[in-house]
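This document starts with one chain, in the form predicted on its own, laid out as structure tokens.
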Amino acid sequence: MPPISMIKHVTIIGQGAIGTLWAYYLSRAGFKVTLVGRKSLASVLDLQITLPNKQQDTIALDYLAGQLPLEIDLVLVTTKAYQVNDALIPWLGQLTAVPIVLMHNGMGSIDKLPLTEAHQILIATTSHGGLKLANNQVIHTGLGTTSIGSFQGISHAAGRHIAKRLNQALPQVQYCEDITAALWTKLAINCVINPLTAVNECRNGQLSAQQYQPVIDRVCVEISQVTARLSLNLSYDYLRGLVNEVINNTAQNYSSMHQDIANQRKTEIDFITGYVIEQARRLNIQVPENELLLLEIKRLEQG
């Protein structure tokens, strides 16, 4: 691995809203950025972005299809959770000396990767909002924070330096020595907002209506029961307050799951609600509200 201070070449695998947002901000901060994908696009992508202050900007980004650039100091994997295996496995043999950051909604994708002890893996979660309109058009719908932590092969000191470098591009980036709590916090919020906005075809803010409060309560209670058994400090009151805060702060946004259903795409429900259900079954905890939401999203996906 190159010295952290020398991280200048960043490769991004996954050109969804979050991937293109990071590509833009990293490039504007002076990093050399290469997007890697499977689609046969032009070697230079003229990305048009609408910033949170409504100003617009355009930036040229290098794009490669089916291959990695010759120089890589850091890899960001920003695909959907269910795409991580297909997107990353072909390159794992070439990336044993390069830090890899997995940044997506949900949990559980890393368990399916054939990693070796040589791989240097970090996990990140972000609350920045993005809306992808086309291959070269994205809207930064809302500012947020990014939490990042080491999973394997990266010391806390090195992880903090990587977080510091990323923070120079798109703040705030914070390093978490225990990233599990941050991942579960984001997961809990997604378990409420994502499926409910998709099922009810509404914006995030509409979940503040009284009719949705009982189901939000039940989902939060179930998740708090699971996290308590996992010795995580995520009480019902804490989770309920966070959910209310996100609903209010992102009131005008459509969740990623709402967008997926609206555009007839596969969702990340198996890695969000499905992950909670897996853990609950392992712990012999009943989570009927989460199971019902999973079935509802699966029905919408099939329809």
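Numbering starts at 1 and follows the sequence shown. Because the structure is predicted, anything quoted here is derived from the model rather than measured.
The form predicted together with a small molecule is left out here; the points below concern that form.
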Work out which of S109, N204, T227, T185 lies within 4.5 Å of the small molecule in the predicted bound form, going by heavy atoms.
N204
By the heavy atom within 4.5 Å rule, which residue out of V138, I193, L102, I179 makes contact with the small molecule in the predicted bound form?
I193
Look at the stretches 249-257, 24-32, 64-72, 49-57 and give the one with heavy atoms within 4.5 Å of the small molecule in the predicted bound form.
249-257
Contact between A163 and the small molecule in the predicted bound form at 4.5 Å, heavy atoms?
no
Distance check, I189 to the small molecule in the predicted bound form, heavy atom within 4.5 Å
yes
